[in-house]
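Only one chain is included here, represented as structure tokens and corresponding to the form predicted on its own.
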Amino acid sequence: MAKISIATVFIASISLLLTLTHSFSTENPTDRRILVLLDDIALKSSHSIFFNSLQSRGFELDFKLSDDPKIALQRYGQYLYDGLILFSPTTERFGGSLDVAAVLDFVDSGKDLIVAADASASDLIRSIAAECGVDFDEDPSAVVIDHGSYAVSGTEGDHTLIAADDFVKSDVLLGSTKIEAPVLFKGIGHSLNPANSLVLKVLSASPSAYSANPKSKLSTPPSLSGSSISLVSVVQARNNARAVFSGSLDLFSNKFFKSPVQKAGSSNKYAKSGNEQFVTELSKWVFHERGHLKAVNVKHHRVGETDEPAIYRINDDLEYSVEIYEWSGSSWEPYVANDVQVQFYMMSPYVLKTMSTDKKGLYHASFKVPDVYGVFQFKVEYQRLGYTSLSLAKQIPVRPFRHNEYERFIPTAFPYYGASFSTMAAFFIFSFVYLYSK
């Protein structure tokens, strides 16, 4: 019996070790495992294009029903997955040890999340979104309606199938290739918590949109209306974890990927909607295939030297350099920007300077140490929309001049030298005249 128990533990340990070796690495951000929780196993086939896209890019997907009693995000204190996809909008309670707190802890640990809701979104899904600064419409029967930007179809319908094209203007979020065709959306809208500065609208409704029950007449003004309605939003936490929230599960479906689209009031007809391009590009961002930065080879030294000193002296001329690279999905490429700054900091920045770049990833700056001694820090705090933030700090003391390092005669003190010697000369002359005059 003991032998069986030891063998079981050994096999479990080997399994965990293999899992951890394929987990997220800063050197290879896309070598990752993703847990996909589904309401219905049929979603695996109805949304297969999206899943196949992830698998073709090297992701390992683990599909489970959301009420599976064996669901676990971690084992022996280590996370088993690097990303979580919740395609389970109607789930009232997850199986296993997973709950709202566990999902939030997962994100707090630096992992990534995709949440797709629909008109039947449960309180569980709404709670997860609300904790991340995304507030879905409180009316459970409300969906987004747009009588001005709906998708033209053979039947008049209730204008809940929207052709949305108000995208965030950011190449890092949605790629450099413009999304020409509108995106088909059918679901619920949400607003962003103004107290949360980390959440951002990626796809917004048009000014003519509103959120209401399409089967009843409006008796009161809708709680959400116009461009304030967000259809898809993203969050990048301070620990660089990323999350996507969509009010439509159909947004990711094969049906919407392949559907032709024509926006009401427009003569342009597209053989295929922009859903596939939109979702693919957004998934590249959320899973760190784009916009993921790393900083290496941080160096500083006096001008004309190469060795890093243990201490600087006031008024020293120094050079600071750092290399910054961006993950392209398959390799690290030089990151090129003109807004990376370095601070020489003690309680507040004494020096703040924009660094020059050689466009090969190297950033450098030269400046003079302030005429103040103490314990300083070289600091780089880089935050840019869509990119992982960089926070670099390196402490270095600064000393004053030693007594034998000052100039023997200071030019600015010549008037005082002259006053001293003239006083001595005057006293000598006065004494001579006083003693020897009659």
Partner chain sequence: MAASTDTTAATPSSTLRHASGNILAFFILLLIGVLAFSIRLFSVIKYESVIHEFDPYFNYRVTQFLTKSGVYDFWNWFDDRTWYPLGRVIGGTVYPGLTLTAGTMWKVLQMLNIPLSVETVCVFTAPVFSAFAAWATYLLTKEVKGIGAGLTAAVLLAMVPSYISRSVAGSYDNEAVAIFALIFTFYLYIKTLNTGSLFYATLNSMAYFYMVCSWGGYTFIINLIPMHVLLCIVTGRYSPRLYIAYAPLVVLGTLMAALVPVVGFNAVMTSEHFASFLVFIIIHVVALAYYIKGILSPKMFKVAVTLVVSVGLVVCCAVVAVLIAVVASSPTKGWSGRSLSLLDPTYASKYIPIIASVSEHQPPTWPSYFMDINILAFLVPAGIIACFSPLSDASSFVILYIVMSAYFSGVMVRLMLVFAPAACIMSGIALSEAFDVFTRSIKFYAFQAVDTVSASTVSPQNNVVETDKKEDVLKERPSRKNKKKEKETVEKPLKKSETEKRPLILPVEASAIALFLTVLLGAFYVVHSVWAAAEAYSAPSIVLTSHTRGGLHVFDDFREAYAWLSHNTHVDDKVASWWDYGYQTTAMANRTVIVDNNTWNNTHIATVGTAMSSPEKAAWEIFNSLDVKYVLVVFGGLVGYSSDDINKFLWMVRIGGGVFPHIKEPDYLRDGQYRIDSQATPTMLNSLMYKLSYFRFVETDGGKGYDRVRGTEIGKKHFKLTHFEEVFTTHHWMVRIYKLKPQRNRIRGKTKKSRSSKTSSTKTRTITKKNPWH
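Small disclaimer: the values here were computed from a predicted structure and weren't measured. Positions refer to the first chain, counted from 1. Rigid core here is just the name for the largest C-alpha set that superposes within 1.5 Å across the two forms.
Absent from the display: the form predicted in complex with the partner chain. The rest refers to it.
Taking non-hydrogen atoms only, Tyr373 approaches the partner chain to within 4.5 angstroms in the predicted complex.
When the partner chain is considered in the predicted complex, Asp317 lies well away from it, no heavy atom lying within 4.5 Å. The closest non-hydrogen atom of Lys294 lies beyond 4.5 Å of the partner chain in the predicted complex. Proximity of Asn193 to the partner chain in the predicted complex: non-hydrogen atoms within 4.5 Å are present. Remark: all three candidate residues (Asp108, Ala130 and Tyr345) come within 4.5 Å of the partner chain in the predicted complex, counting heavy atoms only. In terms of contact with the partner chain in the predicted complex, the residue from Gln55, Gln377, Ser48, Ser389 that brings a heavy atom within 4.5 Å is Gln377.
Screening Ala337, Val298, Ile311, Leu218 for any heavy atom within 4.5 Å of the partner chain in the predicted complex leaves a single hit, Ile311.
The chain is drawn here without the partner chain; in the predicted complex, the stretch among 142-150, 270-278, 195-203, 170-178 whose residues come within 4.5 Å of it by any heavy atom is 195-203. Contacts of stretch 56-91 with the partner chain in the predicted complex, defined by any heavy atom lying within 4.5 Å, are made by none of its residues. Phe63 is not among the residues whose C-alpha shifts by 2 Å or more between the shown form and the other one once the rigid core is aligned; its shift stays under 2 Å. Annotation for Asn193: C-alpha shift of 2 angstroms or more between the shown form and the other one, rigid core superposed.
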